[in-house]
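So this first bit is one chain, no partners, the form predicted alone, shown in structure tokens.
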Amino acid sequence: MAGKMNKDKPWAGRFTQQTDALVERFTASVAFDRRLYKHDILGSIAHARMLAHVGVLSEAECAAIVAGLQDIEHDIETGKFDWSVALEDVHMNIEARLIERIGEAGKKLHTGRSRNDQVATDLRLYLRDAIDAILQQIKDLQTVLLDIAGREAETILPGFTHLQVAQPVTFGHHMLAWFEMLERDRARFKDCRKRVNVMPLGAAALAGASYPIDRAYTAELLGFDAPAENSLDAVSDRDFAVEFTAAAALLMTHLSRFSEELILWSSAQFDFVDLGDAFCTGSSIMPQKKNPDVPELVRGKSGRVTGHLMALLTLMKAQPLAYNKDNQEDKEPVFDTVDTVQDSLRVYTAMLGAMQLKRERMLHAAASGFATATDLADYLTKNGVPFRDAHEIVGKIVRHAIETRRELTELTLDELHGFSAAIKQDVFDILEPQGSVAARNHLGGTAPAQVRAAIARAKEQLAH
């Protein structure tokens, strides 16, 4: 009876009732895990070749399985494959089609493995490819940043703390700050990839296989660094997916911070950059509007990826060993994280490549707001005034400038000298933004010479 009622289920022998239709739909994952088809087929081909290598399959059976799986992959890619919810997931859909095509040999493919180690392997293969793509996309964005930094090594804009004008910096230096954030993101993904690239296959359901499998051989075929050491751990933990999503959340947080600056800089109040019409939208009611929708949406999507991280951590926190059905819920957060990160990186690279700067506006802003006040305090200190006294003197000078509605460069030498006898004519060299940035000529400083040196070092980093 069970065979008739659940004839399409490979586990039907144990059951006496047909699966409830709601349960079938509720527990099925094929609607989203079909995305793993390439990696499922790749893993199955390697598994078949390993079984032939150890003598569990004949060479003819292995050849039939490999050819059948390759035909199925072609059918999927050309839209000729019909996915069945009744077959639950990507693995059973492919296996059922293989058996339908090649007969008895297809039934032998699952020897020595379980869907538990199969799905864990598929997800690792998928994430390995995703990480490689993301690493290249980060590198592409970093390359654009270095190009901008090189062009704008001498372009000046105000630097901010507390979103208040602080000190002048060069635009190139600012782009290199973004570069450094992305370089740490790139390092995190590279490091994460090491722990992703460990093979669960051969762990079977939880205890390993009783067949003479050669896991090292399979790992070599699939490009894994090594097989997982413990079968229980191999099938049950998803910390590699959590770690990937954590790295992605940090990357998206950095892109969100970049976005916030671009949104401010493109506003009428700042007016530092033009993001280009191709990356903005208008208003349905206000004809003058040019909205920075791309950076706004990236800023919003950072919350989406952080949410996926929280979901995965919560998913794992109370699971006993070994595999549990909860882990079906790991894929949609991972898939959406991959899509979100890749789309965000692509659009950011294109947007920054098209961005236009309003250099005069930035220089004017840097010359306003007393951005060189710290330079004046440093000037006094270099001329023998203790820094705390210099700080107080400059505070009084700034207050005087505010009361008389002038910038520091508009005060006369006599006025400045009235606050301190240490102030001489050469003070005006450091009160201009150009003098301020040029004075910070050390490793990590904003001086144009340092920006160019940093770009050279950064290009060396990207080469590795």
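None of these values were measured; they are calculated from a predicted model. The first residue of the sequence shown is number 1, and the count goes up from there.
The discussion below concerns the form predicted in complex with a small molecule, not included here.
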Tell me, please, which stretch of 338 to 346, 108 to 116, 241 to 249, 360 to 368 lies within 4.5 angstroms of the small molecule in the predicted complex when heavy atoms are compared?
108 to 116
Between N327, Q142, T306, Q167, only one gets a heavy atom within 4.5 angstroms of the small molecule in the predicted complex; which residue is that?
N327
Using a 4.5 Å heavy atom cut-off, state whether F272 contacts the small molecule in the predicted complex.
no
Given that the small molecule is not shown alongside this chain, does S420 nevertheless sit within 4.5 Å of it in the predicted complex, heavy atom to heavy atom?
no
Using heavy atoms and a 4.5 Å limit, would one call R124 a contact residue for the small molecule in the predicted complex?
no
Although the partner isn't part of this model, could you tell me whether F258 comes within 4.5 Å of the small molecule in the predicted complex, counting any heavy atom of the residue?
no
